[in-house]
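One chain comes next, on its own, written out as structure tokens in the form predicted on its own.
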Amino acid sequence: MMDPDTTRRPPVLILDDERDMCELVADVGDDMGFDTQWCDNFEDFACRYSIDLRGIFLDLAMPGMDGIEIIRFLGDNNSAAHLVLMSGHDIHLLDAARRLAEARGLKVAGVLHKPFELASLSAVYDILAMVQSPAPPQPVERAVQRFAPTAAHLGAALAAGHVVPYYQPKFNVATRQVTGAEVLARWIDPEHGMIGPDRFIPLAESEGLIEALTDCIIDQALDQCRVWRGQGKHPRIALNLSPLSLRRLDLPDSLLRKVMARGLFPDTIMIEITETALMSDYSASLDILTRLRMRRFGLSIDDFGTGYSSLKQLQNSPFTELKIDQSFIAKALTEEGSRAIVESSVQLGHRLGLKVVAEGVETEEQMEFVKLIGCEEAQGFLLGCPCTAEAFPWP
């Protein structure tokens, strides 16, 4: 396959402690139009490494500095090359190494389980031929550096009404009809545009503003539900709570008062708690969650599978819904381990009497998969992106 960049042969670097393997991979690459170099030790690799590399073939079982340490080296150096991981270890180790590389921001073009066929090697080179060469880093002017919000900025934004709720639709898997919405906080700054929650929620938690932020979003979302109800719609919304909110002993009664004051009903409100939040102080969390459930609020355990809750703690908590984390949905069709986690989570949720929601559904294939294994609801970019109340896709 011809390289899209015809000005030069795309450079590839091969690292394997077996010279015969290096020569084999290099010969195939040369025949397919690549500029290949190889080395059998890390010291030589570090000398030959450059930011211009199109691809790096990496044997995980290197002596001295092993492949995992080299992945760390590449991540620390912001490598833009596409990795091809090679190993004679079992496929589960290769999959773990792939996930580690991706978690460090690296691109993985493929994995080769030794001994591999020449056709598999050629297929990986075909992938490398189609990707773009790494672009040289561009200087960043001081004037356009990323805005770094402070507690004072966030406090002013809350007071000015610049932190607002967006609504991500939730859909019935079987009918694809809207069943409700998850409420997400968004900071719309007049000068800097939209500021993502990953940048201001940790700030709110560390600077003592999380209670004000939570109340701000809940009040606006409940006001919007009252408007929708007046229009003949029947909204069911999910509210996200910080782990710190689970320390508020007055939370169940305070939230109930807010709901009832607007003529709404607590059984139309789902409270979402991440698995990690549940574990931060289990006994205190169980106190608040049980009292919320007694007041007829729904309870959802969010991002399931990413935390460390035991099955006993899940069984003993009064949840009504389980949401499977999007990272597992994204890989369920390509990684056997992720598929097993998703299928097991659905079965577990149903055995415990919970409704199961799939997060992060982005393709029709994923939608068919979650339907096949019995998820009741789904959300994700295939179905609907977070949006303002005015743009919400009511039927």
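What we label the rigid core is the largest C-alpha set whose atoms superpose within 1.5 Å from one form to the other. Start at 1 with the first residue shown and count on from there. None of these values were measured; they are calculated from a predicted model.
Beyond the structure shown, there is the form predicted together with a small molecule, which is absent from this document and is the topic of what follows.
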Stretch in contact, per heavy atom within 4.5 angstroms of the small molecule in the model of the complex, of 49 to 57, 360 to 368, 63 to 71, 336 to 344: 360 to 368
Which of Ser79, Ser300, Asn240, Ser317 has a heavy atom within 4.5 Å of the small molecule in the model of the complex? Asn240
Work out which of Pro197, Gly75, Gly155, Pro149 lies within 4.5 Å of the small molecule in the model of the complex, going by heavy atoms. Pro197
I have Gln224, Ala378 and Ala389 flagged as a candidate spot, so tell me whether each of them has a non-hydrogen atom within 4.5 Å of the small molecule in the model of the complex. no
Using a 4.5 Å heavy atom cut-off, state whether Leu184 contacts the small molecule in the model of the complex. yes
I'd like to know whether Ile217 contacts the small molecule in the model of the complex, with contact meaning heavy atoms within 4.5 angstroms. yes
Looking at the partner-bound form in the model of the complex, is Gln168 within 4.5 Å of the small molecule by any heavy atom? yes
Non-hydrogen atom contact Thr36 with the small molecule in the model of the complex at 4.5 angstroms: no
Taking the rigid core as the superposition reference, indicate whether the CA of Lys258 shifts 2 angstroms or more between this form and the one not shown. no
For a quick test of reading the superposition: does Ala212 move by 2 Å or more at the CA between this form and the one not shown, rigid core aligned? no
Large Cα move at Ala96 between this form and the one not shown, threshold 2 Å, rigid core: yes
Closer or farther: the C-alpha atoms of Arg99 and Gln168 in the model of the complex, versus the form shown, with a change of 3 angstroms or more? closer
Cα distance between Val361 and Ala96, which in the model of the complex differs by 3 Å or more from this form, closer or farther: closer
